[in-house]
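One chain comes next, on its own, written out as C-alpha cells in the form predicted on its own.
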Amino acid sequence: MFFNFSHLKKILIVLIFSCCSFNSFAKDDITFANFRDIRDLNPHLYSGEMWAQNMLYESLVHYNEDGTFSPWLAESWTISNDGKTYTFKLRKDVTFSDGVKFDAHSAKLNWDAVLSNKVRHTWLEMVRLITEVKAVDDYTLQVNLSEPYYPFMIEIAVTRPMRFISPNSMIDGETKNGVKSYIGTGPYVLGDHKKDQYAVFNANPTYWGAKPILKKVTMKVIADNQSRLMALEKGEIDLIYGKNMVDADSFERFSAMDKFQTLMSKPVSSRIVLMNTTRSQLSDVNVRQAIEHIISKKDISEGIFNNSEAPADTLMATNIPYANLSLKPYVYDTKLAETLLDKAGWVKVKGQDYRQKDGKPFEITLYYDSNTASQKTIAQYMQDEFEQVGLKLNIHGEEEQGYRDRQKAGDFDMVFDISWGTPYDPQSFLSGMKLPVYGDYMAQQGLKEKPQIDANISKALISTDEKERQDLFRYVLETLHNEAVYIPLTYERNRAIAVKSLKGIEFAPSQFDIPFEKMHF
C-alpha cells in the first residue's frame, strides 16, 4: 500500500490550524439565571449571594472534597501541640483587585473587623474562642485561641465571614456597618450591577492564580422557575444552577433534549421540616412522633423528586461525620400514628372533621419559602396526609426574608428548613442551634433536654478526645431524633441544566458555591 506522507502532513496541518482557530474564537462569556439579586456582597456579613462572594473573595486555605485542606492565600501552616495557636505563611504575590497588597497586616485588619462584630457571628464558636490575631511579620499571620477548636480550619475555609476584602473598601477599618466597595483577591471582579435585574463579573486582570477561561459571567435575575427554563430554551441564558432552581419534572424533560445537558451532585444536605415544641399542639412528643409516622419519605422521593433525592431517615445522612448512629427510622405507619394521637388525648369525635382535645380541634400551620420550587408541593402532600388521620394542616408560603424572620422569631408551628451540608455539618449546623439565630433554637425550647443539648454541643466543639466528641454528638443527634423535633424528608442535591457546549461544570464541596472558574466553552 502506498502512503502519500506529504499529503497526509498537509491534512494534519490544516486540522491543527482549524482546531486552534476554533479555540481562539470559542465563546468566553456566560449568562446564567438566579432567582434574586446578588444583594450585599460584604464578605463579613450574611445577606449576599454566597456564589458571588466566592467569586470575589478568597480564604487562607481550600477545603477539599475528601475533607483535607490545601494552600490558597496561605502557602503553609502549622498548629501548636496544644491546638491553640495557628501560624500561617502567606503568599507574597497577591494583591487585591484595587492594587493593595495582601499581607499579614491586611489579613489581620480583616479578621479584627470580624471579631469587633462578635454579636453578628454568635453561631460561629470560633469567633468566641479567638483571643488574638497577630501579624508576626509581613507574611506571617498567627491566631491564638483560648481553647483548642477542631473545626477551626473548616470555618476559615468557608465562604464567610473569614475572607478578605481590600482595606480601602472598609469604613474606618471596620465592615460591620457596611463597606465602600466589593474588592477582593479572587479570580473575578464585580462590574456593572443593576439591582434586581443583572450583575456582571469580569475576570480579574491582576489575579495571582490561574486565570479563569470565562472572561465574563453575567447573572440575570429571573425569579420565576418556568421563566428561567423558557429563557434557557430560547438561548437567552446558558446555565441554570442550584438546589431549588428547577423542579424534578423539568429537570427530567431537559435531560431528554439534545441541545442541553443535565448534571446532579451527590447528596449535599438534608431537606427537613422543623416542629416547634413550644406550641401547645406540638408540645407532646407523642404528637410529634405521630406526625413523623404519617409522612412517607418514599412517596415524596418518588412522586415529587422522581427518585433524584433519596428518602431521609435521620436529620443528617450517615456519611456526615459523627452521624452514623444506627438510629431507628420513623416508618410510614398511619395506624401507629393514630394510636399515638389517641394516647396524647387528640381523639376523633363523632360529627367533627378533626381530632379534638379539651373541646378544641387540632389545627396547625406549615410555612414554606415561596421561592423554593418544591416546598409548596411537599406542603400540599403533607396537608393530605394530615387530613387522613384527622389533623388540620394549613399551609402558607411567603417571600424568603419574611420566612427567615419568622424562623428566627420562633413564630411558627412547622416550617421547612435544611441542614447546611458539607463542610458545615455537623459542627456549624449544631452550633447554630444554641442561639436564637435560626428556627432551631426556638423550636427546641419546649424540650427539657435543651440545656444539656446546648452544653454537649459546646463541649464537643472544643473536645480534643475523638471518642468523647463522638459520644457528645451522639447524645445531641439521638435526643433530637427521639424527641421528633425534625422531620427528615430527603437528602438534597444540587442540579445544573446547561447548553451542551458548556464544559467543566462541577459541584463544589459547599452547596452554596458555583465553580465558574472551571467552566469553559
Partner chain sequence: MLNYIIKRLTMMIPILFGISFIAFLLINLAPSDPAEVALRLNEIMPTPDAIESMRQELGLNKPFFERYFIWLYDVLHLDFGRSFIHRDRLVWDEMIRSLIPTLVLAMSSFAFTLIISLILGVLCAIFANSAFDHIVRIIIFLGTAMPSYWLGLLFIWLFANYLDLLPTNGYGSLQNLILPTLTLSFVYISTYIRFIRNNMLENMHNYSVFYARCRGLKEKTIIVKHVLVNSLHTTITALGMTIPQLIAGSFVVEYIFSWPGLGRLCIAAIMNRDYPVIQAYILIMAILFVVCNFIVDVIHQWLDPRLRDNGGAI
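Positions refer to the first chain, counted from 1. Nothing here was measured: the structure is a model prediction, and the numbers come from that model.
Another form exists, predicted in complex with its partner chain; not displayed. Remarks below refer to it.
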task: Give a yes or no on whether every one of M230, E233 and R404 sits within 4.5 angstroms of its partner chain in the predicted complex by heavy atom.
output: yes
query: Should R160 be counted as a contact of its partner chain in the predicted complex, where contact means heavy atoms within 4.5 Å?
result: yes
Y438 within 4.5 Å of its partner chain in the predicted complex, heavy atoms: yes
message: Is S47 near its partner chain? Define near as a heavy atom within 4.5 Å, in the predicted complex.
response: yes
task: Indicate whether its partner chain has at least one heavy atom within 4.5 Å of a heavy atom of K408 in the predicted complex.
output: yes
message: Which is the contacting stretch out of 374-382, 97-105, 116-124, 206-214, given heavy atoms within 4.5 Å of its partner chain in the predicted complex?
response: 116-124
- request: Could you work out which of V221, V347, M264, V200 is the residue within 4.5 angstroms of its partner chain in the predicted complex, going by heavy atoms?
  value: V221
query: From the list T131, T85, S255, Q226, which entry has a heavy atom within 4.5 Å of its partner chain in the predicted complex?
result: Q226
query: Taking its partner chain in the predicted complex, which residues of 35-62 have any heavy atom within 4.5 Å of it?
result: D37, R39, D40, Y46, S47
